[in-house]
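The data below hold one chain only, encoded as structure tokens and taken in the form predicted alone.
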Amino acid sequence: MTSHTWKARRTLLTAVAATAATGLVTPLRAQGLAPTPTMRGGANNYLAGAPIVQRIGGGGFWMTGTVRRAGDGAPLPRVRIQIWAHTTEGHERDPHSHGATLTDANGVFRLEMPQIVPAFGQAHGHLAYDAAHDENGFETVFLRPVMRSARDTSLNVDFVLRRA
């Protein structure tokens, strides 16, 4: 290396050390994270107030995801997410095809349910954060994600919620 390269490297290291010493180093965050918009068809066959359950039906399919706050991306614990779908055990309008779960301390939710099967030509799930059934103060969001394949045994769906 040339003496100019060494001098530039020393200057950079000195600047980093000085910044750290003054406390100007801040953790990297997801600044400006946009909220998730409600999807068309997301509220189809929604049954308000579905109970919180350990599992829907016999299981075999996993619906997973995260819930974060718009803006800073902070994980949201104890947020109620309702899930329903057309499955091997029932239609998406059947009460036994609906259930809700709460996110953990890291904003993660996970609920086992029967295998999702195509309805109207598409294998899809429904998920909702419904402000009327949760006290966290965010705007309602309904989602209807379509699976890549009807043979998939899991679907991951993330929410970014905005304060109401």
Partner chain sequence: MRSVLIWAAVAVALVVPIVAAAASPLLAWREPIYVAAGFAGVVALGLLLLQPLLAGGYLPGVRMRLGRQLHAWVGTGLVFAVVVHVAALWLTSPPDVVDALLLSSPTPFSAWGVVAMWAVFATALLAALRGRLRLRLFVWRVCHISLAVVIVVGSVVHAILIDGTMELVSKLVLSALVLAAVAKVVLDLRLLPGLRRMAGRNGR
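Worth saying up front: this structure is predicted, and the values here are computed from it rather than measured. Numbering follows the first chain given and starts at 1.
If you look for the form predicted together with its partner chain, you will not find it shown, but the lines that follow are about it.
**Student:** Answer for Ile52 alone: is it within 4.5 Å of its partner chain in the model of the complex, judged on heavy atom distances?
**Tutor:** Close contact is absent here: in the model of the complex, Ile52 is far from its partner chain, nothing within 4.5 Å, heavy atoms only.
**Student:** How about His86: is it within 4.5 Å of its partner chain in the model of the complex, going by heavy atoms?
**Tutor:** His86 belongs to the contact set for its partner chain.
**Student:** Any chance His133 has a heavy atom within 4.5 Å of its partner chain in the model of the complex?
**Tutor:** Output for His133 is no: heavy atoms all beyond 4.5 Å of its partner chain.
**Student:** Quick one: does Asn45 come within 4.5 Å of its partner chain in the model of the complex, counting heavy atoms only?
**Tutor:** Although its partner chain is absent here, Asn45 would touch it in the model of the complex, with heavy atoms inside 4.5 Å.
**Student:** Within 4.5 Å of its partner chain in the model of the complex, heavy atoms considered, which of Gly41, Gly57, Pro35, Gly65?
**Tutor:** Contact residue from the list: Gly41.
**Student:** Would its partner chain be touched by all three of His91, Val117 and Gly121 in the model of the complex, meaning a heavy atom each within 4.5 Å?
**Tutor:** Every residue of the candidate spot has a heavy atom within 4.5 Å of its partner chain in the model of the complex.
**Student:** Based on heavy atom distances of at most 4.5 Å to its partner chain in the model of the complex, which listed stretch, 65 to 73, 98 to 106, 134 to 142, 121 to 129, is the contact stretch?
**Tutor:** One stretch meets the cut-off, namely 121 to 129.
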